[in-house]
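Structure 1 and structure 2 below are two forms of the same protein chain, each written out on its own as structure tokens.
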Structure 1
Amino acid sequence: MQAEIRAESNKPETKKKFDVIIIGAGPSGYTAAIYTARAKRDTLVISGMLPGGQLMLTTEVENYPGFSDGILGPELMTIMRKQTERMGATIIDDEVVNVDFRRKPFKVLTYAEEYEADAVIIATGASPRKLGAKGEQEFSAKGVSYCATCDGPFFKNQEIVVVGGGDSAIEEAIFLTKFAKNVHIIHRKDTLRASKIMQDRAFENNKIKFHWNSVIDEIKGSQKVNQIMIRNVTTNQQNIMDVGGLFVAIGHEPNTNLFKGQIELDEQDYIVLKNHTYTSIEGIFAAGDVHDHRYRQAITAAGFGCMAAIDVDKYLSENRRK
């Protein structure tokens, strides 16, 4: 019994204080950590419940530089994680449940522990809004996509469906006409929310077909999507359409619930940047889709991660000289 107590007391304590904590482990979080660790900043990455972010739900990635034959999303994230660890950053697979940015050092609380840091990079990303249709989750990355720029080239000469009526949906539909045989826009209303110029471009495109007052009730297939069940919300009539791919473009939700009341957010709850990657609180930075609602690409997220890390390094150097 005494030996057990003695062994327990000799266990090393978990390190709780770091130079910088990075919340999130997608392309932006890993890239930021590579840069801060390489700059000899003691770095902690808290990965969240889905280490690797949205790319863990993506099959082949063709547009990330450096991989001539493409690479699977999870494989790309595994490589980034290994590189981050090789640079000396600490990575823990835990979820942040609360933060305190009111005073320094900043506090970040997970399910298991409380950590402190002189600087924090928020890289929690954004999540696409889901349809909630039967089969959507089953066929995610198997014909159901939330990013036309990422996955459009995989659907050459196929019948493709886009769900949505805003600028993003119309922009994605127009983009997909480069590859598709036809693009079918399904919208639950009889008018679009998109800007007039985007509407005009869509109406003038012979490849784009509109299905008004309609929703998708079910997504079907075997190994991948091959059919959808469409329902007219006015008549309640259902029809089956043979399709090769389905793109959901009904918006994204930034993962910022944790930070409400702590830092400034815009009307859509994206983090507001004041200068480069600086947020409204000195010492708190943001990188990737958590503030970027325009590009939402792995490569741009990684770029923002690099920028945030450089800003953090400069911030820490300047504040420690004071």
Structure 2
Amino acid sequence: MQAEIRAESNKPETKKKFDVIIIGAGPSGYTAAIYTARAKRDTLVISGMLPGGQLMLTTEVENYPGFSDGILGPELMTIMRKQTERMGATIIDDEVVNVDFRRKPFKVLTYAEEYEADAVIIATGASPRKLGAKGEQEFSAKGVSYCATCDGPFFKNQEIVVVGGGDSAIEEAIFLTKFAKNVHIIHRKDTLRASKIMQDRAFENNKIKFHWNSVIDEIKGSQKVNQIMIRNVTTNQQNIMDVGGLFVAIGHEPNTNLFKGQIELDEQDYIVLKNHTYTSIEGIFAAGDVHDHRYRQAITAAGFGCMAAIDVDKYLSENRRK
């Protein structure tokens, strides 16, 4: 799906100066572009390496209004992309490697080009948090996964581990019981952070086993994961567990590395909004999971994209008058 999207509109872009550049092509980025392009603002979307964002990693989306039978995440993003293009926005599938927000017009550098704009909307979203355990990187995509809906079916009849104690971990664990022999939830505390209803569902599921006060010290294997070293943090006792796969579901981190030192971030590195979707720099706006760690829904991200676009339109009108 991703490759198909890229091939469709990865034409060389000769124009370098735009009214607004939108960095990121998830629900917030596409929605922002639909609105700015429709408002006749010359709009460039730089989509990054995963056009479509986190929804490209999901299967069915049941709670996005307008699709009474649900819709596959990648399909929803393909539709949003087509709508963005139909409105007249330019989309390029390139990665932003640097930005210069110190003076106007703002500069956005990709691997291939340097672009300028009078306003920028940051819609870079968030990425799954990494565990930091030994072997995690080595076995990533070789038994270590951050997306149960994407990879769960590969682990039929195996012992699977899920790390985390929030709603994501519990939701993934319940989903994985469809395929796994058993699902082992490894959580660093002795209580879950997940909502009561999710906890109840997990406790009632006899395929789910809990390992409380436990962390993973090491992930081992040869071609793929086959063992983990698990440690009880209260007794410090280590045990080896034979596993077929490991799913990390310990929250997300905002994709804000590019902007550090230029715009204000909070203590968790999310973008701080000053007034509506305005960031600490006049002319730079943010939308979606890159600033929102509370709602984190496709529909709220799209809503923030709309808000940022309306703010940009107003900002550009006011600044042209000066």
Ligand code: NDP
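Numbers follow structure 1, counted from its first residue as 1. Rigid core: the largest C-alpha set superposing within 1.5 Å between the two forms. Predicted, not measured: the structure shown is a model, and the values here were computed from it.
Looking at both structures, it is structure 2 that matches the form predicted together with the ligand. In this overlay on the rigid core, V120 has a C-alpha that sits less than 2 Å away from its partner position between structure 1 and structure 2.
With the core held fixed, the Cα of I91 is displaced between structure 1 and structure 2 by less than 2 Å. A rotation of 46° separates the smaller rigid part from the larger between structure 1 and structure 2 once C-alpha atoms are superposed. Note on F247: its Cα is shifted 8.0 Å between structure 1 and structure 2, core used for superposition. Superposing the two forms on their core, we find that the Cα atom of K156 is displaced by 18.4 Å between structure 1 and structure 2.
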